[in-house]
Each structure stands twice: as structure tokens, then as C-alpha cells.
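Below sits a lone chain in C-alpha cells, taken as the form predicted alone.
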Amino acid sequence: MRSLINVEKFAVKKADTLKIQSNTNKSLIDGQKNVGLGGVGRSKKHDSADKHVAGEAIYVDDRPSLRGELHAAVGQSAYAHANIISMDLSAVKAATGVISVITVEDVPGHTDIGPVFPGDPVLAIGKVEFIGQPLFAVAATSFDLARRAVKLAKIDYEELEAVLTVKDALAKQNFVRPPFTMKRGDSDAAIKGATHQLSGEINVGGQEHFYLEGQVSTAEPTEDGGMNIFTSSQHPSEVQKLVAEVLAIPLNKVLVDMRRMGGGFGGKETQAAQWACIAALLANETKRPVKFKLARMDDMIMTGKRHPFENNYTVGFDAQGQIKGINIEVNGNCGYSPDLSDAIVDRAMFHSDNAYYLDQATITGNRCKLNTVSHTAYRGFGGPQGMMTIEMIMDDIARHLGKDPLEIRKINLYGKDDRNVTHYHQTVEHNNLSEIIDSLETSSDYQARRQAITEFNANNTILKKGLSLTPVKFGISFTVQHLNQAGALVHIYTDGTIHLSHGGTEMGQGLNIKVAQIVAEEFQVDVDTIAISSARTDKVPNSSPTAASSGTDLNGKAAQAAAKTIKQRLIDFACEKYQVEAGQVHFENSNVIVGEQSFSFAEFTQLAYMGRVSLSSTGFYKTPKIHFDRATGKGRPFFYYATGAAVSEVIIDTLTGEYKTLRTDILQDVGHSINPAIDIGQIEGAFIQGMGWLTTEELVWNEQGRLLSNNPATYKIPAINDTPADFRVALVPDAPNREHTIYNSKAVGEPPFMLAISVWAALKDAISSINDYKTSPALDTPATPERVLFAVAAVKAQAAAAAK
């Protein structure tokens, strides 16, 4: 049956398209004012853009095969929870092309590769805890032969009871880490004393990373008993450490090289390490290079996802809708091991307020252990799952009081005086949430569109439209303090060209070009004269993962520090050689001005070299001000907050549950943008990925704990036709970060992801219109057409019951 939703015309008029384009161009042009040759603040294309388009970018799997290179595969558990009685691998060892087979017994060093807490064995030890857990590893002469061989194993199990739901884990108190509570005031008394009380719950689905380049590593033995690792990893230093530990060799014998990733999104922060370790173990055993790449289905089965959450709340509020007291419980499905779940659930707790002041509040986080793959980092790192509950609360309060949800959101926003401290006791400084919302409300014609949509819904029984404006306040810093550090290495050669290496990893997000622009700005040279090398553990040691939206903040500052050191040496040299004051030495337009003389940058570096000036320096940066006392639940875990807001409009077909996103307007504060084009691209991509998480990307496990949505045919990521037909993105103008960040910019990687909550809230708004906005519909995520249809049916039933 042809859907009635097609009756509505979605095509954007040509004039509208031109308007969007002009708005975007204006944003880019404004960002180019008052910038030097270095180009900070100027739109520069991704340094590998041409290579990406031409197919010339080299990823790990594109590297030429090494002499004698073997290919790895692993045998996988068939049960979610079982003891391993016996493993007969004789047929595996005898299979065509097989050179080596190893089990955990063959690991010379550490067998547990847990990134923070133990619990992640490199290969199963005595039992299995999820379907797909690696049992043993094979090295064979081809990828196909290795995959065929592992299927020949004969394994006997003693099946154990599996925990496969959050509710079951809560009932059994089955946790990977102990529960934790953040508390301010007496929330129970405040709720009881409030004029109104509400309670509710929501299931927030997980999300497959679905990076275009899957997990892949190559391990090459070296002549000194060490190992070179080429890996698609967001955390080369951790790979270095874990490979050294499983091989029982010093870290200085392991080199990790990471040129670029075809996407990571958090899925390669910790979980790239296992495949590198297995490749290294096989390479150590065979004394030959070993490549280990996961087929897409194996990748989806054996690697963790965004944590699904099951959250609930009780809230008390006054007649205007202002929250007086609140209890929120966030229950993270962590899978079978700790991985990064402790910090992820912490961040869900930190962001359970989103943009709203919670005076009397108790936030509890449970880290539930289930017999599924261990879930891991994903863009937002628990923040999105935490924000979903408070945004549901805003809608629930609004429907209860018969008000526009935007009115309720605005009345609960963080203020500037007495309403500016979070439930974890950090002051929300430099708060511009109200200004952003007011500006977007005006620029998006929110009020006029709200009235038009209400009229549309009153006159249409089948098609319904929804509109929602939701804000985001997202804390920037790793919540684990020691990770907030970075290093960089800068060389200037005698022809004036510059070599740059830093501890961050490029996964398509444009980190390298932004850091190169920072170095170019310091020397006032063209960014094209800077060559950016791969992230290597022998150039920048002990690096933190590229995660937590901190890549540019940390590595940009470290690179700037290195550049400033060299620049000062050049200034000192000029002062000594030409007898001038430091104030008479200037860098501009690829020249060095010394008093009345002018040298090209290349000429001056040659002179400095002849004068025996060091033209190489390391740089280091650590984030200031941050601290958090977990014992008291108080501190300043975040250096600053990134803020933004989005308005989304949707239309649904109440007969089928099908829907479309008609228009989205975004206003994001990125401070002084280092590269507006890259930043806008990150905002667009984050929003679409967030929309996929909340609408189409559904993870499904069966009753035995087997992942059924394990390939592109059964798991739907958003495509171009899911993009809003009218998509408008703007950066807040003239908004320097008041904290001393790199060129007063703000992080942009994760914060826009949560702007997609506006689409989910708009779907709820459309469904609520069925009952004249008197009902706040329950809508778990992902809000697939089926779930939308079920929610429509529930609201219709409520309306019918009320009419009797």
C-alpha cells in the first residue's frame, strides 16, 4: 500500500536551497575575517580530501603485503555463558594453509587486556561470557583459509544461566562495577512537597559504530624481538602497552604506527587493541608478519556498541513547570566486562541534567553486567543516554500542564546567578544557553511554525506534524583526569618546510588539518608547507586516546607549545645576530621581519641552522582546573561546556508509523572556530549520526543472546534520504571561548550529536497532537516506524478512553 505520507510535498524550493547555501557561506566568510596567513579561523579542506575522493588514501588494509605475511582469524563462542569443557583443535591445525594455532595458554605475558579494570581476556580463559567471544586464534596463508579453518574446531561446553536483560541484571545485582550516586539536597522531600509529581521510564537503544573501515591490525616482528604494529586505533599508546604486556616485552620494543582510520566514533578507542594483540601473538609465534582484519559480520558480533540504557525518574515541579526535586536512575547495559563502562555511566550521570538546573537531585548509576559483547565508547560517551531522560521529563511536564515544551525547557534552564550549579557542584560559567535558544527560536520562526503546525494537525486526521527545540550543554574533558594531556613534535627543515607529529589520531574528523593550521598560525606561514605524519609511539609517547571531543583542544595546544619554543629560539637568534630588540622581530606572510630587514621564512631558517639553532622541539599540554572527588560526588570534571540547540520538524503517517524529517535548524557554539568548514561538517555528521541512533539503528539480540542485527541488511544506518530536506547549520558568531583554549575555540566532535534529540522530541510532539497534546507518549528509542505506530495506537486508545 502506498503510504499516505507521500501526499505531503517535501521538496525544498530552489529559493530555500539558495538561502541555506548563502547562510552557510556567510558563516564561512565571517570566519575568515582578521586572520593571518597561517589560516586559523579560515576554512581549509581536509588534508586528505583529495586522496579520499580519488581512492588514494592508504589505510591499514591497503598497505602492501609484507614478505611472508599471514592472515588471522579467531574461533568464536557459540554460547552466551558457558564453561569450556574441552577444545579439540586438531582439525584446525591440519586445515589447508594453517601455520599456527594459539589459545590463551600460549600467551607469554598478561592474558587480561582490560583498559581500566580487569575482565577482558585476550582469548577466553576457561569460560565464555557472550556469543562470539574469541576462543583461539589461527594464522594461515590467506584470509579465507584462516576463516574456514576456525570453523573446524570441536568444542564441548557446559552451558550456564545467561543474564540477557537489564532488569534481570538489576534483580540479581549483577554489575561490572559498583553503583554510584551523585546527590545534592533532599530530593525526596522536595518531590513530596512539590505541587505536581510525575514518574516515568525509557529504554534507550544502543548503536553500532559502523565505521567504514573495520577493525584491522598488522603485526611485524623486528630483529630485536620487538613488534611493529600498524593499526586502525584511536589509542596507539594503549595498543603499544597491551601488545608489550601480552608478549612480556618492554614498551620500547613495540612501535605503533597509525596514519589514518576510516572512522572510529569510539569503537576503536579500546577495542582495537584485542585484534592488534592477537596479531602480535601470532606474529611472535610464527616469526612472520600477521594481518588481522575482521569481516563486517564478525566485527559487528565481536565488538561492543553504544551502551543501551534503561532509565527511570520521579520528579516534583510547580504550577509553572519548574523542577523542585528529582530522582533519576540510569541503568547502563555494559555487556560482560568493565571496559570503559564505569566512566561511561558516570558521564550519563553527569549529563542527566543536560541544560537544566536541578536543585534538589539524586542521580544513581548502575553498571549492569549482561552476557553480551562488552559495550564501549561511542560519540558522546554516555552523555546522550543521560540527556534522554531529562528531555523526556521536559515533555512530560509540558503535557501534564498543557504548555508548549519549549516553555518548560526555558523555565528550567541554567541561569546566571543562583541557578548555575550542577548536581555534581560545578558552576556553569559563561552560560549562553538562553541566548542561543532565543536566537534560534527567532531565526527558525519557531512560534509561527508552532501555530501553523497546530492548525495543520487539527485539520488532518492521518498526517501529523511535530516540532521541537532542544538544547545541549556538554562537558569537555576526559572525566579520568590523567588522560587530559597531550604531546607533539615539530621540526623545521632548512628549506622552511615543517614536519608535524602529534599524539592525536585522524579518523576523518579533520584533526590533522586543524593542528597544522595552528602551527602555521604561530609561524605565519602557509599551511601547505606543513607535512603531517602518522601518529607514532616513537615520536610522541604516552599519548591519550583521540576521544572526548578533546583532540584539537589537547593536541593543538601541545603543537602550539612546540612551535612557540622554536619561534622563541628564532627570535633570540635574530636579536643576537642583528642586534635588535625582541619587539622588532615579526613573523608575517611567510617572512621574518628583523628590524629593517626582511627574510623569507626559508631563508631565515637556513640562517638559523648555520647559526646552530635547534629547529626541533616537543610540546606538552595538560588541561588546567579540572578535578573530581568521587567519594563526595563533587568537583569540576569539565574544563568548559560546549552549547548548542536544534529545532526539528517532522511529519508522521498515523496509519503506518512512517515519518520524515522536514527541516532542522542548528545553532552551535564552537567559540572562535579554527576551521569553520570542518566544524560545520562535524556538526552535520554528528546530527545525522545521532538521528540514526534515535530513529533507525536498532540492535536486536535473540533469547539466546545472539546478535541478529549483524550485517548491513539487518541494521539500518541513516542514508542521504534520511537527511532533513531543509537543513540549516549556523555557528554562533563572535563567541570566543572564555576559557584559555587553543585560539579560544570550542570542541565540536561530540556536542552536536545530542542535537538529534530534537527529532525524537518532534516525533513525540506529532504523536501527542492526536490527543490534542494532552498525552506525553511513551516512545523508546530507536523510534522506528513500528514504535511510532505503537505509540500512535496507545495515544489513540487513551484519547478514546478519556472520551467515554
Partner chain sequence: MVENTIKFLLNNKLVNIENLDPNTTVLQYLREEQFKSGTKEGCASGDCGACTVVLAELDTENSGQLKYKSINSCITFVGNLHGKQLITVEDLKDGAKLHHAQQTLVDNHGSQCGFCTPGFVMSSFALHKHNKTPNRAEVLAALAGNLCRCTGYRSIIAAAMTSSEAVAEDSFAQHYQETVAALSELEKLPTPALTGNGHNFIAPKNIDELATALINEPKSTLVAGGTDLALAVTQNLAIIDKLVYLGNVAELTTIKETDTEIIIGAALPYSDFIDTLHHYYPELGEMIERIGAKQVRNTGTLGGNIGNASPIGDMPPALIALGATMTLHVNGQERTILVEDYFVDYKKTVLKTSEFIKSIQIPKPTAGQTLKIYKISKRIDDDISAVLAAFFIEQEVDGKGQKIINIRLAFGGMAAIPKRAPAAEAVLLGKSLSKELVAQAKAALATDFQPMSDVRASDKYRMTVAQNLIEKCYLELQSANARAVIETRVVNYA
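On a predicted model such as this, the values are computed, not experimentally measured, just so you know. Numbering follows the first chain given and starts at 1.
Just so you know, the form predicted together with its partner chain exists too; it's not on screen, but the next bit is about it.
Taking non-hydrogen atoms only, K324 never approaches its partner chain to within 4.5 angstroms in the predicted bound form. Though the partner is left out of this view, E69 does not reach within 4.5 Å of its partner chain in the predicted bound form, counting heavy atoms only. Contact annotation for G635: none of its heavy atoms lies within 4.5 Å of its partner chain in the predicted bound form. In the predicted bound form, its partner chain stays beyond 4.5 Å of every heavy atom belonging to V92. Proximity of H46, G685 and S709 to its partner chain in the predicted bound form is complete: all three residues have a non-hydrogen atom within 4.5 angstroms. Of the residues K416, K151, K172, K625, just one reaches its partner chain in the predicted bound form with a heavy atom at 4.5 Å or closer; this is K151. In summary, among the residues F523, F309, W275, Y378, the only one with a non-hydrogen atom within 4.5 Å of its partner chain in the predicted bound form is Y378. For its partner chain in the predicted bound form, the listed stretch (598-606, 730-738, 523-531, 688-696) containing residues with heavy atoms inside 4.5 Å is 688-696.
In sequence order, Q207, E208, H209, F210, L212, E213 are the residues of 205-236 having a heavy atom within 4.5 Å of its partner chain in the predicted bound form; the partner itself is omitted from this view.
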